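Just the one chain here, laid out as C-alpha cells, in the form predicted alone.
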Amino acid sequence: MTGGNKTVQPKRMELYVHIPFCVKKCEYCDFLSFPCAEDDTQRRYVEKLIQEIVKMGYRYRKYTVSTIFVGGGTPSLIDSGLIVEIFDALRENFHIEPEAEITLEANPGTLTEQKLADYRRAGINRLSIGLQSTDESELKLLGRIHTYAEFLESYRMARAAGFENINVDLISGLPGQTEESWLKTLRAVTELEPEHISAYSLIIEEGTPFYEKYGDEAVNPAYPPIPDEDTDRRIYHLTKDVLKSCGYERYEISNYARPGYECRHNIGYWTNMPYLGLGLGASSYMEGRRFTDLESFEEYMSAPAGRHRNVRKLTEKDMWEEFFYVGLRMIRGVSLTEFEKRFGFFPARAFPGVMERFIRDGAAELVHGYFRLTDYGLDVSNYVLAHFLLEKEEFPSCRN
C-alpha cells in the first residue's frame, strides 16, 4: 500500500477465537467453559460465532491478521467440520497474512486422524496439547479426561498428520507432586522433542473444586498436600535447568521454545499488539479500548452479534503502565527505545526511582537497551511487577 512516495504499512492485529465446550471441567480450571457434548448446541454456537466474525471483520477491515489462536474449553472436542467452517468465515472476512501463525488448543482423547486432517485443511499450523503431567495419579487428581498413553497417541497422530509446531502444556506444584515425579514428566516430554513447552505453576483460583480443598491453606489429611515453599522453589529451578539442557530457551516467565518456535501470538499479548477476541466472554484490546464479549451463554446466543460489555478506553498512563508491566514477562525485557518511541518520554520518568531500585537490589538490569529482570528478579517476579502498577496518581505529561 503506498501513499505518494511513502509506503504505508497496514495495521496488524491478532485474533482469539473462543470455543467454550469441554468434556468435563478440570479440578483447577477457572476458564469460561462448561461440559457440552450436544451437537446441536455446538452447531448453534458456531453459527452465532460466524455472525460475529462477519460483523467484526467488516469493522476491522483495515487490519491484517498476523496470528490466530483458537482456545477454550476444548476446541478439539467439537466436530472438525465446524472448525473448518469457522476458518472459512475468518478467511472470507479478515485479511490473514499468508505466514500467519494459527494455533488450536487440543486435549488428548479428543483428537482423531480425521480431525487433524481437517485442521490442516483449515490452515492450522500449530497445535497446543494439554498434557499437564505424565503421572497417572496426578492426571486423575487434576480431573483430566485422558491418560498419558492417550496423550502419546494424540501426539503421534499429530506428527503423522504433518504438524511441525507443537506445544505441550505442563503444570507444576500439583498436590502430592515431588521433585522426582516432576523430573519424570520433564524428561518424558523433552524426549518427544516438541517445539514449545509451557510450564505453568498451579494457581488455585476461587470457584474451582481445588479452591474448596486447598483455598484456605488449611492442611486436610483427606487430600494430597500442596508442595511446600522449598519444594516448589526447587521444582521451579529444576524446570529451568532441565529444559535449558534439552535445548529449550526460556523467553517468557512460563514459556520455553526451541529457537524460532516462540509463540508469536503470546508475544503479541506481551508486547501490546492489538487483539480481537471472538466468542463467548472473549477479551479484546483494540484501538485503545479493552472490552469483552457477553459471558452468559444464553445472552450471547440471543444478543445481536458483536455485543460487548465492560468497554473501557485506556488513558495514556494505562497504556505505558501496561506496556512496561506486561513486557517484563519477557526474558528479554522492555525496550526502552520502543517505550520512548511510543509514548514520547523515557520510562525512568514514568517510574521514578523504581527501575533504579530494582537494579540496585539485583532484581533487574539494563542490557543492550532493554530493562529486564535478572534470574533473581524472575524468581520474585510477582513482587517486582506489582511495583510497576502501584502508582495511581496521574502522571504529568512528559512530552516536550
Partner chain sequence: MADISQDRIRNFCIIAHIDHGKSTLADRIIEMTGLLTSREMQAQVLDNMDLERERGITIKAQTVRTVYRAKDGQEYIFNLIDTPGHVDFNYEVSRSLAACDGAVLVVDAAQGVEAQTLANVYLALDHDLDVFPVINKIDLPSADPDRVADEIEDVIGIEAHDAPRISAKTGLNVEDVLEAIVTKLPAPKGDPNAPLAALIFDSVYDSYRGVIVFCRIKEGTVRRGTPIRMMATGACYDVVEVGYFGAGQFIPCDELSAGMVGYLTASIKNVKDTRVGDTITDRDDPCEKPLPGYKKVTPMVYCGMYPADSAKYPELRDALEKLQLNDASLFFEPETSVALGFGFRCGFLGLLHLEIIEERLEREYNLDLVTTAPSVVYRIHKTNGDVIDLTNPTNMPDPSEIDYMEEPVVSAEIMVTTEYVGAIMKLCQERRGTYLGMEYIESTRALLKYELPLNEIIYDFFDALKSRSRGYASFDYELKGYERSELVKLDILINREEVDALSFIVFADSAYERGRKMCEKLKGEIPRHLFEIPIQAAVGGKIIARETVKAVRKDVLAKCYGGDITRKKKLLEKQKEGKKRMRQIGNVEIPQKAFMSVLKLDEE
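What you see is a predicted model, and the numbers here were worked out from it, not measured in a lab. Residue numbers count along the first chain shown, from 1.
Below, we turn to the form predicted in complex with its partner chain, even though it does not appear here.
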Are any of the heavy atoms in Y16 no more than 4.5 Å from a heavy atom of its partner chain in the predicted complex? yes
Indicate whether F31 is a 4.5 Å heavy atom neighbour of its partner chain in the predicted complex. yes
Consider Y269 of the chain shown here, and say whether it contacts its partner chain in the predicted complex, taking contact as heavy atoms within 4.5 Å. yes
Interface membership of V326, its partner chain in the predicted complex, 4.5 Å heavy atom rule: yes
May I ask whether I203, R290 and Y376 each come within 4.5 Å of its partner chain in the predicted complex, counting any non-hydrogen atom? yes
Within 4.5 Å of its partner chain in the predicted complex, counting heavy atoms only, one of 351-359, 331-339, 35-43, 56-64 shows up; tell me which. 351-359
Residue (of P108, P194, G72, G279) lying close to its partner chain in the predicted complex, criterion heavy atoms within 4.5 Å: G72
Answer with one of K140, R121, K244, R312: the residue that has a non-hydrogen atom within 4.5 Å of its partner chain in the predicted complex. R312
